[in-house]
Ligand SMILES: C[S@@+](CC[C@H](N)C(=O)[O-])C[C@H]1O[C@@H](n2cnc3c(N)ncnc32)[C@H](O)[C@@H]1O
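Only one chain is given next, in structure tokens, and it is the form predicted on its own.
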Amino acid sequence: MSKNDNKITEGKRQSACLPRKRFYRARAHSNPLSDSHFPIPFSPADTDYSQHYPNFVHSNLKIQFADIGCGFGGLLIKLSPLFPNTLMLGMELRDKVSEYVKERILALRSSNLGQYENISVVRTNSMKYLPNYFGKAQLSKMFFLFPDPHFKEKNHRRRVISIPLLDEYAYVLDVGGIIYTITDVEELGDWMKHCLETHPLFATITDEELSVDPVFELLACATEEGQKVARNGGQTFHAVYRRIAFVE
């Protein structure tokens, strides 16, 4: 059997083990300002991650990457082998979708022993409870991929990138940490870029730096939304900024 045949067989075996997405379908978006009922840790110290990262339970590692609104987990799956010793957490408000990501990760772990142990997901509302999960300067990367544009002006307060929320993101990001955003809605792209440019604790990252960043390459293609945009020949708009120290 050739190497290509082995790869095809392995791919089919893994696909057979994965949960079926059609059984976990949910509304495309949820209202982040509504009250939802799920357990919330009182503080980062109150969160038990032993079930999330069993292979790292005796390490002193803390979560460093947060995928906000992780959807079906595509980005986490792509990032995991690139940073095998970095803990990553997806945060998703929709219950069926977060359950799918959980089952998907467990299936990948089962069919790839020793891999995908560094990623997990929680069902939560990051716009309300982010400081309940992460401490000051804990994160090194945050991702906001194809967020809900909330087109109506009255709903702009629901957008996951805003000046008030950037205060919280700056709190949990270490100096030098990076926020990655991408959208296929030009108006939202302009909005996110304006918010980040306006905030005193973020500075733009040059195209030269992004060209050698392996993470940047995944923004447009790792998620289901990004793949759909690519299939339809759509355009994307990114804004990637670094957390900087406050200068008086």
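None of these values were measured; they are calculated from a predicted model. Heads up: residue numbers just count along the shown sequence, starting at 1.
Quick note: we don't show the form predicted in complex with the named molecule, though the next part is all about it.
The listed set I105, L79, L166, L145 contains one residue whose heavy atoms approach the named molecule in the predicted complex to within 4.5 Å, identified as L145. Contact with the named molecule in the predicted complex holds for all three of G71, M91 and M127, each having a heavy atom within 4.5 Å. Contact between T223 and the named molecule in the predicted complex is found at the 4.5 Å heavy atom cutoff. Partner contact region in the predicted complex: 91-99, out of 173-181, 133-141, 91-99, 107-115, criterion any non-hydrogen atom within 4.5 Å of the named molecule.
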